[in-house]
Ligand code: TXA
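There is one chain below, alone, in structure tokens, taken in the form predicted alone.
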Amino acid sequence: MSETRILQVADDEMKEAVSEACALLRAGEIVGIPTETVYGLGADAFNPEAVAKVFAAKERPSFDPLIVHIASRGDLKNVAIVPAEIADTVNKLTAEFWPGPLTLILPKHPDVPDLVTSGLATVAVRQSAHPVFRAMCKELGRPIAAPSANRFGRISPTSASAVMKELEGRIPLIVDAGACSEGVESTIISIEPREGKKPIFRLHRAGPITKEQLQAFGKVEKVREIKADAPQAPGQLASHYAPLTPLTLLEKPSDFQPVEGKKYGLLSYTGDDEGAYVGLHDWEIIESLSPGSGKLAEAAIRLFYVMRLLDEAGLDEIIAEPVSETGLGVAIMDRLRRASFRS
């Protein structure tokens, strides 16, 4: 097991940190990198041996594709081939949402290794808004393949310390730029053109760019059928983002039937003492997504942090209350459902 270093980044020393991280990437190593969504585990996307290290460190199955990150909109042509019939839509979406947490699934460029896309003819691509990640993409001069920096299927990391807990000894460096500003992974869509009408956006994963925002540019439809061993986009497996402690998502308070002797913790939306879920049980611990205020943006930022706190609390089971499935609530409920999935 090798040593993992954490390199903290301040504004006045970002250049040095970026240079050190990029030197490792050029040497075929993998690095924990901050993004606005969650911390990523980055590798040179054009280096198959480096990409293989990402799969190995995460214990990620080779059939689950990675997202490729580019430095600028102009770099899209290096990793994807945009069909003429959707070129205008792609231009509009990237002008509106890049840099930012929107991932597009497009036909892949031949230079992208098959390992990155799990053999698919498409590539998932985005431009991160995080200044450190953007600086690294620019200095490296090549796209960076980066899934979340955690062991496969586990809680996504939103801080450098969470990456260390997941991957200590498996990677040489984590670039620490503080907590992530969004807290949930990017929205993923593919585009289906329609003659004379707005295109259809197939929503493969809900995220910070909401259905309501996308509807200004096309019709949004959720992807329903997902093959367990052949996902068409990252983050599609039924069981994902999961703590080691079993997690149960309630649809309504009456669904909770405690077993005597078990220790339960509550993942609450607001933690309100008057709420329907807080008063259900004498909980060992209550952690709130948006204490007292019930703001979905705050809940999204805190989701994986709170899940990790509960996972480390010595509980027998985590009980999660639902949030409203509007706006960011769709992405939050998606993560909670996957975290609670039991095959």
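Each residue number is its position in the shown sequence, starting from 1. Only a predicted model underlies this, so the values are computations on that prediction, with no experimental measurement involved.
One more form of this protein should be noted, the form predicted together with the ligand, which is absent from this view; the next part is about it.
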Check your understanding: Can any non-hydrogen atom of I155 be found within 4.5 angstroms of the ligand in the model of the complex?
Key -> no
**Study point:** Proximity of L66 to the ligand in the model of the complex, heavy atoms at 4.5 Å
**Key:** yes
Point to revise | Exercise: L289 in contact with the ligand in the model of the complex, heavy atom 4.5 Å | key: no
Check your understanding: With a 4.5 Å heavy atom cut-off, would you call V38 a contact of the ligand in the model of the complex?
Key -> yes
Practice item. Select from the listed residues I174, C137, A146, A206 the one whose heavy atoms reach within 4.5 Å of the ligand in the model of the complex. Key: A146
Exercise for review: Determine which one of 38-46, 295-303, 281-289, 23-31 lies within 4.5 Å of the ligand in the model of the complex, judging by heavy atom distances; exactly one does.
Suggested key: 38-46
Check your understanding: Hey, which residues along 93-128 are within 4.5 angstroms of the ligand in the model of the complex, non-hydrogen atoms only?
Key -> T103, I105, L120, T122, V123, A124, R126
